[in-house]
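Heads up, what comes next is one protein chain in two forms, each shown on its own as structure tokens, labelled structure 1 and structure 2.
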Structure 1
């Protein structure tokens, strides 16, 4: 028995969410007390499988077939069904991508199960995994357990920090050749779905300064803009700021905005509602500035400053300028 993480690649390039799913898989494997395994699907993907083997999995399956060179729901479902029957995992974990949303429910149905989708957190419930999902646009959260095995789970973008390569650890790569016929592929592959191009891609930013309701009014935005400028960071915001029209909607971080994973994320005057947290939890370092010492954001922050942002931020900008001088 194991936990199997299905990694997503396209054209030989990883979807970064694959490694977030791998982190979730590591946590689930610890709860169950079983090894973590991974799978890479495609054609000619041996080098990708070897790369994936360096991320802490005990084994990586290279699911390779010429009919898997381009994604089709029929091909991926048939291939993974065969792999899952052979590997017999307790749980199968996916990144919650457009591609996964297309085929994973169909795959889960093959095993008389349902896909537990868009999971934002995983809890240890007496040796069982409880998967936390959001309902009603993030207004409610619920704990869900799989009714049978294997459990099929997809994890929300940004809910888990991407796994990093484990030093001096590399699991073996095992070739897996599924039996697929061209007649099984009923759909013709077309160009992959692409999201509308944003003029601001916060997902690519290494440094982000995000502002929340603590800024009080639009005229106070220059306070945080000065911090973003000093750091060479992108300016972002929580939903209330964008709903009020103080900043464009494309700068919103959260479940209904962009998902980000910068090196450093400054949360200025942000309380830390779950809708915002799921959009920035993948940040490598989180710095929170809030006058409420009980604000939920401090539970996520690596560094926290309890104080008035109108005093803390200008002082921080002065120190940054001195350091650069």
Structure 2
């Protein structure tokens, strides 16, 4: 019995969230009192597996097959199904990446189980693990228990600190060669690509005023534009604002947009969904203005104002102008 952490790499590069999953895995392994193992999947990944072996796992499986060179849900599911049957872990832990979202539910179904997705905390419930998930995009929390074994769990970006390499200690790497036929793989992925070049680099901005759905209408944008210009800030937005075409896509902050780290980030009428937070958590100071006192954004904010943005923002513009005069 073990806890197995499935690490993610693309083209030989780690997805850093893999190391956060390792930390979560360590915690679960402690609760269960079993060793921690890890797996790396791909083609020609031996050196990555060796590197992973330096992170405290008792063993790292190098799941290697040429049909795994490109990610496909069919290939990954087949390979991991075989590994899990062979290794028989008590729990399988993943980082909650877009790739994991794509195949882990399928994999869990093979074991008549469900993925406990996007977990933010793990509690020791007398030798059983309770997994904390968020409901309603962070407005409520919920303790979840796995119904069967192995438990399948994915952990949210930033919820756990990334594991550090253990000094001069390294577990063994074990090659695992899954049986996969080309005919099993139904989807044909093409090369990933990026759309048009970005003309604004929000990553370099010192001040950012970011606007969310609380602004209600495109015609109200001048309210936040005034704040941005008073501060000399870049204007940014949550996803729905860009989806609606109110601001260009390149001004979107979050997991599918830009990552920013300004001196001050004003979140105006933004609820604080995790996909938004991952893009702005590195900000030095966060100010949140939201009419809902329970909005999750207040958890991330240094300064919070519960109020109507249409009253608070114009008042703030006046005060900033005075302070700068």
Partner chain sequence: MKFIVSVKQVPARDSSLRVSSDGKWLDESDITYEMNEPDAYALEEALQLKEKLGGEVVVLCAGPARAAQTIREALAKGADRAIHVQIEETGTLDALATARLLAKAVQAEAADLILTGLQSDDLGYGQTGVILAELLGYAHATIVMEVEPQGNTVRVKRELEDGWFQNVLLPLPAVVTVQSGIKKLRYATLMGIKKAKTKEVKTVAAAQLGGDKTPGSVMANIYMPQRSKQTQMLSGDAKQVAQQLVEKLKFEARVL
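Because the structure is predicted, anything quoted here is derived from the model rather than measured. Numbering follows the first chain given and starts at 1. Between two forms, the rigid core is defined as the largest C-alpha subset superposing within 1.5 Å.
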Task: Correct structure when looking for the form predicted on its own - done: 1
Open item on the list: Please state whether residue 217 has a C-alpha shift of 2 Å or more between structures 1 and 2, with the rigid core used for the fit.
Closed with: yes
Task: Residue shift check between structures 1 and 2, rigid core fit, residue 111 Cα at least 2 Å - done: no
- [ ] Could you tell me whether the Cα atom of residue 96 shifts by at least 2 Å between structures 1 and 2 after core superposition?
- [x] no
Task: Cα shift between structures 1 and 2 at residue 235, which is computed once both forms share a superposed rigid core (Å) - done: 13.2
